[in-house]
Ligand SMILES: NC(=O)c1ccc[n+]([C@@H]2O[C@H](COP(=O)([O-])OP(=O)(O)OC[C@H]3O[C@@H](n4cnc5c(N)ncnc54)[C@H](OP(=O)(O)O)[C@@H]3O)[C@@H](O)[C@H]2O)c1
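In the block that follows, a single chain appears as structure tokens, in the form predicted alone.
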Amino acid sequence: MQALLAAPDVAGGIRFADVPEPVPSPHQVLVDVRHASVNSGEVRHLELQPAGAVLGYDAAGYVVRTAEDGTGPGVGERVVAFGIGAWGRRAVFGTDSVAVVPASLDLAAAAALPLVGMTALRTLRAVGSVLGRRVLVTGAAGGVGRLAVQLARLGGAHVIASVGSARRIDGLAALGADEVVVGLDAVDAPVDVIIENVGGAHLVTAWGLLKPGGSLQSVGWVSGEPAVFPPNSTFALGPAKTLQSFGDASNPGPDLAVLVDLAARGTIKPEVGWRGSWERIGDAIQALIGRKVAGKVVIDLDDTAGSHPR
């Protein structure tokens, strides 16, 4: 089968190749992958992947072999999945890492949900109820940000969406943001919760906007810059402010089921800002890294892929 592999010896760090079809373990299903999504962290840190590894984590497609242990979906079921090797024509996933996609939800939209959806969902769960609270989402135009805005609004929060430039504002109010601002200077009152996707100096500024007793969830670090806190800036009178990081992707199946159900009912919208053949993986990555995409990048796996990505 064809797959996109880590290739540190070629320009761009990715190449197409024919590789053996993966063999599922007893607790895994074999999936014919039709769509996959591209996450910023995956492509910004390609050098961390061993040469020859099949790339990608988010996939949607059809089960072609059930798990030998009798768990999980049956043959022919439409599924969304999270796990290593999603950028191959076929991939194996543990039955605790897949969820059946309702018939009303497009598979390409489902493929946009796993990593960003779980991140947004789990970071908001970590802060408890947001009903009536002021929630600031930074980097709100990205995949995690756009879903965090929707989920926070669903939880009853007053949502402030912060973006890096005016051209990134479009669509956020329609997703549920009560306020949309460029940068953080326009945030005129302290907030209870921050979903922080930028890092660096932005994280330091965001910390200063957090109320005593509030929670800052550090999710992403797209700035690539260090965060330098001035002396005593982490001290605050009153209830403790907390800064937590997110990195738990274990047992994704139940949360994937929640996300696809919400999307199928129209409660949340998995926004796809770039979609095309996996032959165009180079274009997809450049659009993502260049911050030219509002929402997610989704690639369609097809039979016409050439030997080199463009």
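All residue numbers are counted from 1 along the displayed sequence. Owing to the predicted nature of the structure, the values given are computational and were not obtained by experimental measurement.
From this point on, the text means the form predicted together with this ligand, which you will not see here.
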Of 119, 150, 217, 95, the one that lies within 4.5 Å of this ligand in the model of the complex (heavy atoms): 119
Of 115, 203, 191, 124, which residue is found within 4.5 angstroms of this ligand in the model of the complex when only non-hydrogen atoms are counted? 115
Triple contact flag 35, 109 and 253 to this ligand in the model of the complex, non-hydrogen atom at 4.5 angstroms: no
Even though this ligand is not shown here, does residue 223 get within 4.5 Å of it in the model of the complex, heavy atoms only? yes
Mark residue 266 yes when one of its heavy atoms lies within 4.5 Å of a heavy atom of this ligand in the model of the complex, and no otherwise. no
Since only the chain is shown here, I'm wondering whether residue 141 would be in contact with this ligand in the model of the complex (any heavy atom pair within 4.5 Å). yes
In the model of the complex, is there a heavy atom of this ligand that lies within 4.5 Å of any heavy atom of residue 157, even though the partner is absent here? no
Can you pick the stretch from 232-240, 97-105, 164-172, 128-136 whose heavy atoms fall within 4.5 Å of this ligand in the model of the complex? 164-172
If you look in the model of the complex, which residues in 180-200 sit within 4.5 Å of this ligand (heavy atoms)? 197, 198
